[in-house]
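A lone chain, given as structure tokens: the form predicted on its own.
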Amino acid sequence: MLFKAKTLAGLAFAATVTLGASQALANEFRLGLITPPPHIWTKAAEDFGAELKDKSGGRHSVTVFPAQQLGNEAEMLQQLQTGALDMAFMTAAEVSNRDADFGAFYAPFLANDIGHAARILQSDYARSMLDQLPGKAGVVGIGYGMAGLRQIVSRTEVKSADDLKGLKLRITPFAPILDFYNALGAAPTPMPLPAVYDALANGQVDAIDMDGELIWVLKYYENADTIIESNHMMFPMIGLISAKVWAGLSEDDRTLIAETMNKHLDAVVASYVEKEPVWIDEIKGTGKTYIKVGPEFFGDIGARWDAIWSEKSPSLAELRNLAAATR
């Protein structure tokens, strides 16, 4: 999906932000991520940079900084706001810390499967939500990528949701996910990705919330008794540009950058739609106890989560309606 002209026009008001970076600096973009070098997000960022350099005749270059080299996501978002960082591929969860409306994407069981998640993220309504980011967070949202749907890996046997109660369960440190596991009665434990394997291996945590890609590629299953395919949440990513940097770009450069970045964000989405079923099959073949569950496994937690987040996110009801219409 190419960057739509009407969306670009909707972001044009970000150009009123005071210019905070020189044109020379803006041509040498820095893009930060939390994902490791082999990750799909990181590879997409590198491919975006290479294509942008080619299409701009070498005027623009992008240096990619993976694996939290520039700090965690909260720190990188601050850098984007000041213009110290030009671009990022960032979880929508971190964006929701600045604009709670984006927490709606983490509504339990919003998406039936990975293809359904892609349709939600690539809808006109989801794209329209990006228009609020310059005013609320000091960044320009270009488009969406994603990781896979969330699953649960436990060191101990799990037969029901009651077996998760009291477990120290690793999460990414964001309110929508924290609220879900608090409602479940687990002990959600924020932890950066590089620490997860050892923490699961040595019993620092009892379980983890993770997508199929990393369960398989980073071998988290090695330290598991039970793997639960729950698909309980989407995990969107947003391609961001500093509003201060965006303000210093010409209209032609904005179009070039936005269209090129969107191409590679869409490629991320397509990769997960294609590869997630393969990773899940690989995980099933590890010999670990594997169970597949639906919303009923978690009882009324979805409704309780919605009751909390309907007060925070004006878009929650609309996204629920959109999801129902695109199943």
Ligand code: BEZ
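These numbers come from a predicted model, not from an experiment. Note that residue numbering follows the sequence shown and begins at 1.
What follows is about the form predicted in complex with the ligand, which we do not show.
Q: The ligand is absent from this chain, but in the model of the complex, do 147, 193 and 210 each have a non-hydrogen atom within 4.5 Å of it?
A: Looking in the model of the complex, the three residues 147, 193 and 210 all sit within 4.5 Å of the ligand (heavy atoms).
Q: In terms of non-hydrogen atoms within 4.5 angstroms, which of the given stretches 294 to 302, 256 to 264, 36 to 44, 275 to 283 touches the ligand in the model of the complex?
A: The contacting stretch here is 36 to 44.
Q: Would residue 91 show up as a contact with the ligand in the model of the complex if we use heavy atoms at 4.5 Å?
A: Although the ligand is absent here, residue 91 would touch it in the model of the complex, with heavy atoms inside 4.5 Å.
Q: Residue 170 versus the ligand, in the model of the complex: is there a non-hydrogen atom within 4.5 Å?
A: Close contact exists here: in the model of the complex, residue 170 approaches the ligand to within 4.5 Å, heavy atoms only.
Q: Using the partner position in the model of the complex, report whether residue 181 sits within 4.5 Å of the ligand, counting heavy atoms only.
A: Residue 181: no contact with the ligand in the model of the complex.
Q: Does any heavy atom of residue 214 come within 4.5 Å of a heavy atom of the ligand in the model of the complex?
A: Close contact exists here: in the model of the complex, residue 214 approaches the ligand to within 4.5 Å, heavy atoms only.
Q: For a quick check, can you give me the residues of 231 to 255 that have a heavy atom within 4.5 Å of the ligand in the model of the complex?
A: Only a single residue, 235, comes within 4.5 Å of the partner.
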